[in-house]
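Below you will find one chain, with nothing else, as structure tokens; this is the form predicted on its own, and questions on how it binds or moves follow later.
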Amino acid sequence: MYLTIEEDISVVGVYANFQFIPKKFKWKDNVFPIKEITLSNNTRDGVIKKRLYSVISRGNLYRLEFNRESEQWKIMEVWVE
């Protein structure tokens, strides 16, 4: 099941083929290299455009969210068994 977190994070990535590809994120003073992006999806929260990513890092699955209006990143959830 997913554990809800909803905390601000920093993300580093590259632009390739006109899209942003996250490569690592920093959460609670720890750097998490992204091994794989399993899903990326554009969505809206009312009129606010957002981009969601599901990524694998350190053997765990995380859901990250980029708010296109405020240009802020959040870690939304982590999968825990």
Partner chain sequence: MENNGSLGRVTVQRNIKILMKKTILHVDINSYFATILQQENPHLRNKPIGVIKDGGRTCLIAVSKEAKKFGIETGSRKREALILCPELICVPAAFDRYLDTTKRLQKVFATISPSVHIYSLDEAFIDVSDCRKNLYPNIKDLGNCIHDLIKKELGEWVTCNIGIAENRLLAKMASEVAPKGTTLEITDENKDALLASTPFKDVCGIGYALSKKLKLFNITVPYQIRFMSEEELNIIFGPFWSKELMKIAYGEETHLLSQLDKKIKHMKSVGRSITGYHLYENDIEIGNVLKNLCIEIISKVRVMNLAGRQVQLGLYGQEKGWSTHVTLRTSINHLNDLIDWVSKLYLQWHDKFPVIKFAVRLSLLKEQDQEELLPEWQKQEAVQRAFDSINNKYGIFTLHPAAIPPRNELIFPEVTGFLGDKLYQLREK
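Numbering follows the first chain given and starts at 1. Everything quoted here is computed from the prediction, not taken from an experiment.
The protein also exists as the form predicted in complex with the partner chain; that form is not presented, and the subsequent description refers to it.
Novice: Test of understanding: in the predicted complex, would residue 24 fall inside 4.5 Å of the partner chain by heavy atoms?
Specialist: Answer no; every heavy atom of residue 24 is more than 4.5 Å from the partner chain in the predicted complex.
Novice: Does the partner chain get within 4.5 angstroms of any non-hydrogen atom of residue 30 in the predicted complex?
Specialist: Outside the cut-off, so no.
Novice: Can you tell me if residue 44 lies within 4.5 angstroms of the partner chain in the predicted complex, counting non-hydrogen atoms only?
Specialist: Heavy-atom contact with the partner chain at 4.5 Å: present for residue 44.
Novice: Can you check whether residue 61 is within 4.5 Å of the partner chain in the predicted complex, heavy atom basis?
Specialist: It does: once the partner chain is placed as it appears in the predicted complex, residue 61 has a heavy atom within 4.5 Å of it.
Novice: Which residues, if any, of 5-42 lie within 4.5 Å of the partner chain in the predicted complex when only heavy atoms count?
Specialist: Read in sequence order, the residues that approach the partner chain (within 4.5 Å, in the predicted complex) are 38, 39, 40, 41, 42.
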